[in-house]
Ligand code: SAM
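One chain comes next, on its own, written as structure tokens: the form predicted on its own.
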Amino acid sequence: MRVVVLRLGHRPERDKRITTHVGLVARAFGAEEMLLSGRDSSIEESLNDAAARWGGTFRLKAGVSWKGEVFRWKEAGGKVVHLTMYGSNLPEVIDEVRSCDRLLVVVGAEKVPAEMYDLADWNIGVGNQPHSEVAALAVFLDRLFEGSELSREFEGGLKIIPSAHSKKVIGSHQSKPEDGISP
């Protein structure tokens, strides 16, 4: 399944950390690309650096027209999921969503235009209480991939070796794990 995340409405003065975290979650939890409706060079640098250092093929495309991307996606046969607390309950629609092979997942920042609710194939509530779009995206992608994204291997870059009491990181430039005690 091809999954791309569209970050709708980035406000550089308010959303720098949250938008960066949306991108990091998108990458780590199975999306192959993030589209950003806006430009912010620090976010572009952070996400490109994470992909370069930690491996994988995640891409960021900034400065897109959200509506243009939604229309292009649908014209190419893809489906659109809009994550919102006002939508259908996630457990009730996730099996239907999984049947798609191309999925654009929209997460908002500022007030989402009413038109987005009409353009989406699904408006999905990840819980119906206020919470972070980062949390909504992480839970949605985890449910979408049924946990398989947590054991995904990224080619190249740094890798963490799971350890209960120490920090073990290996990288393509290192020949053995770097050991350290976690704080």
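Everything quoted here is computed from the prediction, not taken from an experiment. Sequential numbering from 1, following the sequence displayed.
The following text describes the form predicted in complex with this ligand, which does not appear among the structures shown.
Colleague: Within 4.5 Å, heavy atoms only, one stretch in 62-70, 46-54, 127-135, 149-157 touches this ligand in the model of the complex. Which?
Modeller: After filtering at 4.5 Å, what remains is 127-135.
Colleague: Quick one: does residue 80 come within 4.5 Å of this ligand in the model of the complex, counting heavy atoms only?
Modeller: It does not: once this ligand is placed as it appears in the model of the complex, residue 80 has no heavy atom within 4.5 Å of it.
Colleague: Heavy atoms within 4.5 Å of this ligand in the model of the complex: does residue 85 have any?
Modeller: Yes - in the model of the complex, heavy atoms of residue 85 and this ligand come within 4.5 Å of each other.
Colleague: Hey, in the model of the complex, does residue 107 get a heavy atom within 4.5 angstroms of this ligand?
Modeller: Yes, residue 107 lies within 4.5 Å of this ligand in the model of the complex.
Colleague: Residue 112 versus this ligand, in the model of the complex: is there a non-hydrogen atom within 4.5 Å?
Modeller: Residue 112: yes, in contact with this ligand in the model of the complex.
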